[in-house]
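Have a look below at one chain only, the form predicted on its own, in structure tokens format.
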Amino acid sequence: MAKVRGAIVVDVEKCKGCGVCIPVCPTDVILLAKDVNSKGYTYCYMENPEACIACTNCAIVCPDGVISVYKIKVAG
């Protein structure tokens, strides 16, 4: 039976790096990048993708709506 894992996709160019998504992640998946986007903002990314459970907390609290959450089937 396939297991389900979560994944997030961040629109890096629209992310302003506010960090609101970081504390609401129950599995500490998200961090702010050290790099900046073309507008000069840091942006969030999946630091620990194996731990994502697709809870959607990050997408719900994102004030700019730049996070999409997906469920992925993995063999196992």
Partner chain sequence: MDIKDIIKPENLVYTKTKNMTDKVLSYCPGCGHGTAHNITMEVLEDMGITHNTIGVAPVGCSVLAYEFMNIDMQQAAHGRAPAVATGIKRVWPEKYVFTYQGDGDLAAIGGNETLHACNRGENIVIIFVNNGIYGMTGGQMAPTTLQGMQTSTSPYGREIETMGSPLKMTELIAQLPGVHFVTRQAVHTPGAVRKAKKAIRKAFEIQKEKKGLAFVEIVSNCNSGWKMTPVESNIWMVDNMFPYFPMGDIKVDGKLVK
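Numbering follows the first chain given and starts at 1. Because the structure is a prediction, the values reported are computed rather than measured.
One more form of this protein should be noted, the form predicted in complex with its partner chain, which is absent from this view; the next part is about it.
J.: Mark residue 46 yes when one of its heavy atoms lies within 4.5 Å of a heavy atom of its partner chain in the model of the complex, and no otherwise.
T.: Residue-level check for residue 46: yes, a contact with its partner chain.
J.: Residue 2 near its partner chain in the model of the complex, any heavy atom under 4.5 Å?
T.: Looking in the model of the complex, residue contacts with its partner chain do not include residue 2, since no heavy atom lies within 4.5 Å.
J.: Is there a heavy atom of residue 39 no more than 4.5 Å from a heavy atom of its partner chain in the model of the complex?
T.: Yes, contact at 4.5 Å.
J.: Spell out, yes or no, whether the shortest heavy atom distance between residue 12 and its partner chain in the model of the complex is within 4.5 Å.
T.: No, residue 12 is distant from the partner.
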